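Okay, so here's just one chain, in structure tokens, the form predicted on its own.
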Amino acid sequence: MIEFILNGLPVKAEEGWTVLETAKFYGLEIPTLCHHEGLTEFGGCRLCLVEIGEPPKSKLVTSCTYPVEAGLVVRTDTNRVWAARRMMIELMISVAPGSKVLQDLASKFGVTRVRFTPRNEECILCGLCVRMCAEQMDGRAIGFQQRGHKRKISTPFDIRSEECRLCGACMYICPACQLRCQGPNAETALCNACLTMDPTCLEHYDELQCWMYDAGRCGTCVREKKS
């Protein structure tokens, strides 16, 4: 067993576990998008970022690909982590504003504006469809093409692949294919209909406190409501 510190508490993990797997084992929620059980890890969406090490030398890493190691210090919900997650959500919504999955994430993490021009490309390059096709359906009909801002997912030579069996697994797993409540012709990039207010304990403690016990125990959000 590997012993390390997770959100200030000593924990143990099996050899070969990632930080994400260990957090889930202990009941801690870390948001993910490109991660899916049964598929290889990709680490492309950056939503599962956590902070490792002690400030000022701490750094952000993707928890789905980072293996636990003895003596590691991990914090899952610091101000720095939430700021990075919000930025990634904002960037992805500018690419695929029609995605219900992304709109729900925006509301959950308090993203109330999109500072980038919406591109409506409806593909955030999470790679779920590529891995699903290759690893679960054994099709390998689609894959990544080109690099940089020209990168996309398509079939070889952009023509119908003979390996495709029209199973629909790629559409089933795609987060951009789940349409937001307002439909394809929404007037705004953000919905925020399910907006969750920012946890106030972040401002006081530099990390969430509610994961340790029921919401409000640390007192900051209660004081916020009274004032």
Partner chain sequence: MDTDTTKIQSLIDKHRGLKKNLIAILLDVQESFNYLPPESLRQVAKSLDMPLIDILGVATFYRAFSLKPRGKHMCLVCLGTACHVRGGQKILEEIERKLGVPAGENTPDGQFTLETVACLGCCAIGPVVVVDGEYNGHATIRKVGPILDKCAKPKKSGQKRKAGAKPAGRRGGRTARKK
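All figures in this text were calculated on a predicted structure; none of them were measured in a lab. Positions refer to the first chain, counted from 1.
Below, we refer to the form predicted in complex with its partner chain, which is not included among the displayed structures.
Novice: Should Thr112 be classed as touching its partner chain in the predicted bound form when contacts are defined as heavy atoms within 4.5 Å?
Specialist: Contact check for Thr112: no, nothing within 4.5 Å of its partner chain in the predicted bound form.
Novice: Does Glu29 reach its partner chain in the predicted bound form if we count a contact as any heavy atom within 4.5 Å?
Specialist: Close contact is absent here: in the predicted bound form, Glu29 is far from its partner chain, nothing within 4.5 Å, heavy atoms only.
Novice: Heavy atom to heavy atom, is Gln146 within 4.5 Å of its partner chain in the predicted bound form?
Specialist: Flag for Gln146 set to yes.
Novice: Taking any heavy atom pair closer than or equal to 4.5 Å as contact, tell me whether Ser154 reaches its partner chain in the predicted bound form.
Specialist: Result yes; Ser154 sits at the interface with its partner chain in the predicted bound form.
Novice: Could you tell me which of 120 to 128, 134 to 142, 94 to 102, 78 to 86 sits within 4.5 Å of its partner chain in the predicted bound form, going by non-hydrogen atoms?
Specialist: After filtering at 4.5 Å, what remains is 134 to 142.
Novice: Name the residue from Leu166, Ala70, Met171, Ile159 that puts a heavy atom within 4.5 Å of its partner chain in the predicted bound form.
Specialist: Among Leu166, Ala70, Met171, Ile159, a heavy atom within 4.5 Å of its partner chain in the predicted bound form occurs only for Ile159.
Novice: Along 82 to 112, which positions have a non-hydrogen atom within 4.5 Å of its partner chain in the predicted bound form?
Specialist: Counting only heavy atoms within 4.5 Å of its partner chain in the predicted bound form, no residue of 82 to 112 makes contact.
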